[in-house]
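The chain below stands alone, shown as structure tokens; this is the form predicted on its own.
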Amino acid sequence: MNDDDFVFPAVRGHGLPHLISKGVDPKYYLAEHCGKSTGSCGGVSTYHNIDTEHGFFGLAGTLGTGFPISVGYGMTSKWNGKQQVVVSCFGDGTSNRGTLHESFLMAANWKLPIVWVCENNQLSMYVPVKDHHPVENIADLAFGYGMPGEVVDGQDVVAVAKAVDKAVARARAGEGPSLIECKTERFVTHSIGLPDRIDLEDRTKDDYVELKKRDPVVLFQEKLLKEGVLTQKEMERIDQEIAVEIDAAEAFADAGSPPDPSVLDDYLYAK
């Protein structure tokens, strides 16, 4: 993707993986999340991070509202002649919203340059996707809108990259939207403070042991080592650099001051 391509992150994770993947410095994200004036939006947006240089214009306030907003981005991308592409991410639970169907229809009819990416972690809060979706694959929805639909192993970094690259190239060429479903797993609770259950049954430590066998980071490390792309020493160096970057981001956020309430006049109202 290019810097000016748009990304609309899924709500879960608050967009941090998406921001980092496009080169946004996480320290500004963390400062914003902590309500500091040094944050990307001056500390007044919580997790609705804005980085216009990298194509981020915040998240939706409710699940499902990201679909029509992405259609708006897609219309802009098609009409401004810049060959921009929109990648719109959502979870398996959000796929049940009516706005998905309205937006898929508009995007397909107008051949908008949108790549719809479903991050299917198999659980909509507590409900397994098999209990709330009538077919095995959410990607099968694509057929009804005349666009390609592809299921990929969401634990395989390379498989996801290849699928998205192909869909981005198709969108940039003016051939319209695509739907990619990444089958992944959730290693933590739906959100902090909630029970970790499947239906009414608590997940156990043994469940996590099985899930962690397919940790995408570990699988990719093993692949890079096996193919000789990286050595163990190089991987340890990368881990150390990441730890330093995280510590620096935390220190940056801690050092920031809360915003002056007067900034709301500039951020919320037109003059």
Partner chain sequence: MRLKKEQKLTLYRNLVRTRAFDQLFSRRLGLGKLLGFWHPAEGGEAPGVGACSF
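Positions refer to the first chain, counted from 1. On a predicted model such as this, the values are computed, not experimentally measured, just so you know.
Heads up, the form predicted together with the partner chain isn't pictured, but that's what we're talking about next.
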{"item": "In the predicted complex, E227 touching the partner chain (heavy atom, 4.5 Å)", "value": "yes"}
{"item": "is_contact(D92, the partner chain) in the predicted complex, heavy atom dist at most 4.5 Å", "value": "no"}
{"item": "Distance check, V188 to the partner chain in the predicted complex, heavy atom within 4.5 Å", "value": "yes"}
{"item": "Contact label in the predicted complex: S21 to the partner chain, heavy atom within 4.5 Å", "value": "yes"}
{"item": "Residues in 24 to 57 close to the partner chain in the predicted complex, defined by a heavy atom within 4.5 Å, in order", "value": "P26, Y29, L30, H33, C34, G35, T46, Y47"}
